[in-house]
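In structure tokens, the next block holds one chain alone, the form predicted on its own.
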Amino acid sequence: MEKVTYRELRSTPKVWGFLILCAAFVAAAGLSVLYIEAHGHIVTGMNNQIVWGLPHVFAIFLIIAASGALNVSSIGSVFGKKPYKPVARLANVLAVALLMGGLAVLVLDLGRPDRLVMAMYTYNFTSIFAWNILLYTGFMGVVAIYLYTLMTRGMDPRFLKAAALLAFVWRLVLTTGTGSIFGWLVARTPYDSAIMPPMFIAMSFSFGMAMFMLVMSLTTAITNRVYTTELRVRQARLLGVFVAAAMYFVIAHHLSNMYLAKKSAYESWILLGGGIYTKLFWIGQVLIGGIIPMLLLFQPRIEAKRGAVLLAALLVVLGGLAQVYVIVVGGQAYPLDIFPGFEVSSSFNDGVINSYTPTLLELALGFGGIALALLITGLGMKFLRIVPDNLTDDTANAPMPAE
């Protein structure tokens, strides 16, 4: 049986056009950062009440998706599903690229990115944020080792299995840490919940698979490679399961909140009277990011409906952004319960719903993070042999070069 071969992307107008387009978005994000640094965060929609705005939404989405993208590789190496093995290298590079894009947005939105070096030698181990710094940097190192075992000819299968298992466990811990940032913020009623970490893990499976399918489709389209029907159908069905799992945790989260007296007011607000946040929840998160993708992905004869699969993956990404927006921004918009049992009112807007309107500067920074992730992935494909050159339904189950 013919083995799967890998080759760098050739220099074609489509490849360079894609890289230049991504670079243009990154440049626009850089200009936005410089403008915000020069004039202060007052030029954004953020304020003293809502300090995590639209850039944080993009950053957290990319970080979650990075963990899920690596899962595509783990399915082949850890769980032994051969059709996923040929795309394991691409999944590793995409995972690191998404994480780097998310962290870039996160750092550049903090207000003083020049002080980042302080976080490198001053750690507060009672803070979940400090833990996540170690998880993020460790993730890149673990994935680099995993990628090395995948790309080295004659690698001992035991080392490959160990590296794959370590990467799989690390990504679960990383996503747990990201979810714990919100689950352990007891001061904010919308966040304080033990279900946040497992919900973020389910979200990562969904977001990461959707991002990988979109990148895989784009890559095969501009390089005239084949996106095998078997692999696409497998990923489509699995994406549908992941979307259903994420929806399950969302339902469980809100039902458990409604059971608690201290959170009933928040649930009434976010589900019924939250204005834009309620619309984003029902239309963006539930309908666009959940129900419609599941209807598209679980329909009969999905193997003949490539457009429906790509549309479902795109809707999952859009719905995921809406979901993170509701969690991050909606959770801050709801007033803090500083004195439980008492009504709070002051000239500092205590006890009222906080307003927030994103600006184009924030949107440019967020899209810049996505563009940076795609640019890194594109450069990785251009200079590394990570994309199968002859991936078909026949070669998907073929022995790998390292086997």
Partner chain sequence: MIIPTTEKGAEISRRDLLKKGGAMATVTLAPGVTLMAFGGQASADGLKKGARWGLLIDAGKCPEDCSACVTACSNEHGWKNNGLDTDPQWIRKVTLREKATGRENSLPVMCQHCDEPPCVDVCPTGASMKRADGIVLVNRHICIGCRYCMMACPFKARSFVAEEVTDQRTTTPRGNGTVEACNMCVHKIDRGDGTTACVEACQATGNNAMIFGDLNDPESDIAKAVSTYASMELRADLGLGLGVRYQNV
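Numbering follows the first chain given and starts at 1. Here the structure is a predicted model, which is why all the values come from computation and not from measurement.
What follows is about the form predicted in complex with the partner chain, which we do not show.
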Using a 4.5 Å cut on heavy atoms, which of Ser127, Thr152, Gln299, Thr137 is close to the partner chain in the predicted bound form? Ser127
With the partner chain left out of view, choose which of Ala261, Leu255, Met118, Leu272 has a non-hydrogen atom within 4.5 angstroms of it in the predicted bound form. Met118
Contact between Lys279 and the partner chain in the predicted bound form at 4.5 Å, heavy atoms? no
Any non-hydrogen atom of Phe79 within 4.5 angstroms of the partner chain in the predicted bound form: no
Using a 4.5 Å heavy atom cut-off, state whether Thr359 contacts the partner chain in the predicted bound form. no
Quick one: does Tyr227 come within 4.5 Å of the partner chain in the predicted bound form, counting heavy atoms only? no
Given 38-46, 25-33, 64-72, 367-375, the stretch touching the partner chain in the predicted bound form at heavy atoms within 4.5 Å is 38-46
Taking the partner chain in the predicted bound form and a 4.5 Å non-hydrogen atom cutoff, the residues of 178-194 making contact are Ser180, Ile181, Phe182, Leu185, Val186, Ala187, Arg188, Tyr191
